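Starting off, we have a lone chain in the form predicted alone, written out as structure tokens.
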């Protein structure tokens, strides 16, 4: 077992042998200009700013031999898996399925739905397309985690209060120990990110723990050295 002593709200203990990294929705549609995030009127620059940190977390996890799972929020071309209530909500400049600068918004196979190049999945890594906010809904994630023998999850990605938090709560309900890499997740709204971090680790890690990428990397480096 390894420990991140400075994790919040207290030390996070995990076994790298049964830990996986989930990187959530680091897609062009959310991170780049011309995508869905920008169409909703958001400033995408805060999300762009964490790309190097997520890349460092990915490199660390790969070096330690952790399984890596990437998710993409996107829908079928006929929108049969996109409820009207989701598509019609609000007044965005472009709706899900509309054609934008990077193809149809949040549609599987379109350029905008792809993960940003800096974080491209490595050969053999799992990539899950999900129609909802949480990564467990209508996906094969439970089967993958069972096959891998996963007990603990490290999470990163966007946005903190929506898809990341939803996935973390789903995982918590299923008995996984969850750690959020707090500097490898971001929101269009700084206050929402801060509030989510507080909610996750409140009441004795009611949903899970948070730690920095440096803290996670140090723990994994110790594990790698011990294994070597």
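Positions refer to the first chain, counted from 1. Owing to the predicted nature of the structure, the values given are computational and were not obtained by experimental measurement.
One more form of this protein should be noted, the form predicted in complex with ligand TIU, which is absent from this view; the next part is about it.
- Put simply, of 171, 181, 163, 69 only one has a heavy atom within 4.5 Å of ligand TIU in the model of the complex, and it is 163.
- When you look in the model of the complex, the only residue of 195, 202, 59, 40 with a non-hydrogen atom within 4.5 Å of ligand TIU is 40.
- Contact check for residue 87: no non-hydrogen atom falls within 4.5 Å of ligand TIU in the model of the complex.
- At a distance threshold of 4.5 angstroms between non-hydrogen atoms, residue 188 is in contact with ligand TIU in the model of the complex.
- Interface membership of residue 133, defined by any non-hydrogen atom within 4.5 Å of ligand TIU in the model of the complex, is confirmed.
- Contact check for residue 113: every heavy atom lies farther than 4.5 Å from ligand TIU in the model of the complex.
- Stretch 151-159 is the answer when you ask which of 120-128, 151-159, 75-83, 135-143 has residues with heavy atoms within 4.5 Å of ligand TIU in the model of the complex.
- The partner is not shown here, but in the model of the complex the stretch 5-39 reaches within 4.5 angstroms of ligand TIU through a heavy atom at 25, 30, 36.
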